[in-house]
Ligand SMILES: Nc1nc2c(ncn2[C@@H]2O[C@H](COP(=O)(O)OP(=O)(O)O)[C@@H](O)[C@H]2O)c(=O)[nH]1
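One chain comes next, on its own, written as structure tokens: the form predicted on its own.
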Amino acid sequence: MAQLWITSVPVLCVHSSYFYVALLATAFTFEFGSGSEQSDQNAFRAGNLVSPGAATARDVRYLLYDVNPPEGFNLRRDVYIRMASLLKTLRKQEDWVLVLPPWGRMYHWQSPDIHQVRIPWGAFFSLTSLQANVPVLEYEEFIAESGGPFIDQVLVLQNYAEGWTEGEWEEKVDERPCIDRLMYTGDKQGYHRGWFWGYDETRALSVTCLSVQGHASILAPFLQKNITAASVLLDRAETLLHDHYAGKDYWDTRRSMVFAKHLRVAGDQFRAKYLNSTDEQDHTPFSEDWTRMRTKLGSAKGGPYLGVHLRRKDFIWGHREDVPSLKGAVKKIRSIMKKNKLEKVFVATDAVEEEVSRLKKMLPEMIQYEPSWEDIELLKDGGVAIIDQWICAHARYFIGTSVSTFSFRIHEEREILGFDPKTTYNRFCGDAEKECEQPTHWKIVY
């Protein structure tokens, strides 16, 4: 019978919403009656800290992912759709689960004195809705289920150094030398440390660079045939393309990304109080079960107000030609309000305080969602942004900012709710922009 001795046990306790104890590899000495020994590294791989019964009860593999740090909240939501598509392909052969990367350290999340790291997906989205599409776990659930804060294999995705061969596009995957400096460092125990969403206790056992060119599911054969690790993290996952952009699979995943109920309730209460807008009056009925929610385009009427997303800050210098001045934006807003006989305008903007003050002087009827410090502490900047999107999504008419993923997500939300495309796919034009092409209508597919 196997015997176990524990000598000199240093214990690292981490306080979180899921309590766990990570027992360090150097703290244990194993002696088995059969004479076989396990190395420290294998003994403490993710999945090996659970009891033998639990370990064999389910032969599961975990897919984790992360993106380039500067990428914003709404681009990250888009990458989730790509990863869900990859997971569906993987699950045709094996039992894979998608581990959701905690939120934090976003460029636009700049509220002072608010702790905004290690935020679970449940703070922003309905996990029940996500799980109706693909099996998902919060990161701390992964730690508890797999047995510790260890990730077996990190694959850092990158483009090919040589670019397209002879200018021709082909889908391919190859293990290659790293092009950029790795954001991971080795420690004395042979593990790899990195950002890992603010979980300093997390370690990776192996880090490799992978050049990839193609759609998300091109990685499925590689992961199944070349990687035996139980847990795999795809870093820089935005490198992969959508499998079927705007197809049924895309829309199934997008529709499953239902906002957390407390955020929707906050948005609905604001609409009712300040914008005379309710689902019943606006013909925007909502079902908690997205799989049963189907609408006809044009069926939604929307609240009696104009919804506006006016992106400023980095867009002022990054997209100068297609971003209007404040004066140009107000001129367009008044034109839309007059044409649609609307007396109220709801504005979501990242403009600095000085610009917001100027905007209010030029547009006295402007309404904003202005949470208190306590509200932001509870909802986080991400939750406030979602409430802004939810209110814009229910407007009689919406106009957004060119190439902004914040506006794109509102387009999709309005498509799901059943608005006439003419009231949704609109954007501001730059003051001197000669050709002002409007956003493309990506029709929902059920």
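Residues carry their position along the shown sequence, with the first being 1. Small disclaimer: the values here were computed from a predicted structure and weren't measured.
The next section is about a form of this same protein that is not shown, the form predicted together with the ligand.
This form leaves room for the ligand: after superposition of the C-alphas round the site, using its pose in the model of the complex, no atom of it sits within 2.4 Å of a backbone or C-beta atom. Shown without its partner, this chain lists T202, Q153, N74, T89 as candidates; in the model of the complex, only N74 has a non-hydrogen atom within 4.5 angstroms of the ligand.
Of the listed positions (D282, D78, D243, D350), a single one reaches within 4.5 angstroms of the ligand by any non-hydrogen atom in the model of the complex, namely D350. Interface residue remark: N68 is not counted as part of the site for the ligand in the model of the complex, having no heavy atom within 4.5 Å. Contact between I391 and the ligand in the model of the complex is not found at the 4.5 Å heavy atom cutoff.
Proximity of W109 to the ligand in the model of the complex: non-hydrogen atoms within 4.5 Å are present. The ligand is not drawn, but in the model of the complex it has a heavy atom within 4.5 Å of V384.
Shown alone, this chain has one stretch from 121 to 129, 305 to 313, 179 to 187, 355 to 363 that lies within 4.5 Å of the ligand in the model of the complex by heavy atoms: 305 to 313. In sequence order, V403, S404, T405, F406 are the residues of 396 to 416 having a heavy atom within 4.5 Å of the ligand in the model of the complex; the partner itself is omitted from this view.
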